[in-house]
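Same chain, two forms, each on its own as structure tokens: structure 1, then structure 2.
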Structure 1
Amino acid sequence: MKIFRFLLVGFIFGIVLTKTEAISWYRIYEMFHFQSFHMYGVIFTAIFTGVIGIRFLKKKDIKDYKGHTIEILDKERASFRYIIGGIMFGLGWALVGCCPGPIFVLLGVGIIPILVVLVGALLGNFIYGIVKDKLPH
């Protein structure tokens, strides 16, 4: 029964991504060419919602689904690894036309070629898992 609430949140997230057109390759193309404010509005709304959520979590004694207290660590200063990681993420997002969240939404609406992107994302995570101990952290 506990998994039901996670599935429900996932379905709601998918509906929101679909209705806001955040899964649209054309909308992402517009964003990276600075032709439309649409996706920036979606992203800024997500940031605003996240800031409010984090403030709420810090003020209240909210527990996770296992009953443990949620701890939010102080933010680490931006370093070279975050800059490189951000550039790699942005390039992948621009080349593929979606970030990791919408991959499953696109599968759900029947866009089968996104399986290539999913396999690439899983392969990239697998390779990172193998080499992460050799990388500077």
Structure 2
Amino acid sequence: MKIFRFLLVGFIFGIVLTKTEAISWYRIYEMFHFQSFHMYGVIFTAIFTGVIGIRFLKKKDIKDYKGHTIEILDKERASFRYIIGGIMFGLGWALVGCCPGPIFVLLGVGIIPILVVLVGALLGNFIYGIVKDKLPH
């Protein structure tokens, strides 16, 4: 089953985020107050691993499992949306201490009130979908 490998990757992702406490409101608060290196360590090590890995994949011209050349799409060139959308997300991230991945992981941890955050996030996404074309990007 092809879908199974993604279930497994997600499972590992959920364990890692839980055990490194990236799903913890406390860790996010501590990070934004520069009172611990922990979260910065996680993010910088992930990026460092990613940069090396992607350079390696590109340099060796490694094909993906289907035999296609690995192509990573460049992000759209713009700046307004990134800064304004980024600030909005950041405001919410620090308030409830979780980004989209951890919202789901916290469901599994058994934090029931995270359902309110999830409903809010779906509603926010829905509103974005409706007003999208009227927003500057």
Partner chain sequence: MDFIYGTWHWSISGFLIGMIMLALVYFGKSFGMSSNLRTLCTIGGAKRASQYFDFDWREQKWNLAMVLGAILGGYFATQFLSSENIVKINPKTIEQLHALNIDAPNGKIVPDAIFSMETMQTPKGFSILLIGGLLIGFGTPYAGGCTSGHAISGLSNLQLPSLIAVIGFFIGGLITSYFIIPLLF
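We call the rigid core whatever largest set of C-alpha positions still superposes within 1.5 Å between the two forms. Counting starts at 1 with the first residue of structure 1 and goes up one by one along its sequence. Since this is a predicted model, take the numbers as computed values, not measurements.
Undergrad: Just one of these is the form predicted on its own; is it 1 or 2?
TA: Looking at both copies of the chain, structure 1 is the one that matches the description.
Undergrad: How much does the C-alpha of I72 shift between structures 1 and 2, in angstrom, given a rigid core superposition?
TA: Residue shift at the C-alpha: 2.4 Å.
Undergrad: Rigid core superposed, I'd like the Cα shift of G53 between structures 1 and 2 in Å.
TA: G53 C-alpha displacement between structures 1 and 2, core-aligned: 4.1 Å.
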